[in-house]
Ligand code: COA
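Below you'll find only one chain, the form predicted on its own, shown as structure tokens.
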């Protein structure tokens, strides 16, 4: 179809922004990078414009301190760019479970403009939203103005994220490469944790797996398994590699048999090439994919997530350092609860036993335990102690399902770093929890 009448430049597109508007952009690699890179150029002409994003991969100028009177940013999940900009005073976090993020946001505020990345149109005039449908298509249906950046570097993916250009108001011709996440090489701790978790994975299990050294180590440790399935929030390079090896076949799934299901993809260039025009990958609405009830329809579902800190009763802080927002709840609760809803389902929370942090008094870096009597003041409880199943460190793995607090203290201390175990027990006694 002829789309020439819809084409505008990014500089022309930002001229559509008026004071007080609510703008939403895509998650991660689906953000409208060219539009956002030009947004600061209209700062003198607007005020009170809010941009809502999620795990942004770029660091556009409009988030800088000098533009704080013109633009606010609301984030569903912080990335390094949002963590840096938060100190400017115009950045705020939206508490959410990812499967309800778009639904609740749309019930709260109206979207004036949606802007995001997409594939090139096919011969029928359809584009794919490409790398995310966590909330994007829902927002597009509600937005007054839809601007998409058509890009030959964005893979054409399938699921329920295809969109006809008749539903799009303007297109920007873009040519940037989607952001890539480095394929982190697992260290000794990662490998130990990965092996612990892999020992509990059976042939035919269905996986949800995140990103980073620990999940990569889990993926590496699964190479000898057979007929694994994937129903995950984020499709990663590690899961793609298992599919290429024939370890992931999806043939024993009880829901969406034969397909890797996710709500967004992020990883390497190889991953993006793998999902391009691949009918074996379905990128579905996040409100569906991450719904704990839907996840639970997968027999033998296994959820694998990480946390920053866990207290001796099992409360997991996975998104903040004290009161400072670091990332987000994302789909951790969705997937942990969903997996446990499943027949033979299991949920794993992994963390290193210790971390090196700067002592505020001496300025020296010192080792501290990440299994603690109490979470730091202001820490966000991401995963309730009521919903924790397996907890894994490099020192072992324990199952908290159905245990009382006294049992949990004993179990969690058993997988803490040995040099902190006696101190943790004494602190637990002082707090009266044992």
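All values reported here derive from a predicted model rather than from experimental measurement. Residue numbers count along the first chain shown, from 1. Heads up, when I say rigid core I mean the largest set of C-alphas that superpose within 1.5 Å between the two forms.
In what follows, reference is made to the form predicted together with this ligand, a form of this protein that is not presented.
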task = State yes only if every one of 22, 37 and 76 has a non-hydrogen atom within 4.5 Å of this ligand in the model of the complex; otherwise state no.
result = no
query = Could you tell me if residue 212 has a non-hydrogen atom within 4.5 Å of this ligand in the model of the complex?
reply = yes
message = in the model of the complex, is there a heavy atom of this ligand that lies within 4.5 Å of any heavy atom of residue 128, even though the partner is absent here?
response = no
ask   = Quick one: does residue 157 come within 4.5 Å of this ligand in the model of the complex, counting heavy atoms only?
value = no
query = Is residue 247 close enough to touch this ligand in the model of the complex, meaning at least one heavy atom pair within 4.5 Å?
reply = no
task = Consider the chain as shown here, without its partner, and state which of 381, 405, 46, 368 has a heavy atom within 4.5 Å of this ligand in the model of the complex.
result = 368
remark   = The listed residue (151, 340, 315, 306) that reaches within 4.5 Å of this ligand in the model of the complex by any heavy atom is 306
query = 293-301, 113-121, 176-184, 316-324: which one contacts this ligand in the model of the complex at 4.5 Å, heavy atom to heavy atom?
reply = 316-324
note = Residues in 336-355 that come within 4.5 Å of this ligand in the model of the complex by at least one heavy atom, in order, are 355
task = For residue 358, decide whether the Cα shift between this form and the one not shown is 2 Å or greater, given a superposition on the rigid core.
result = yes
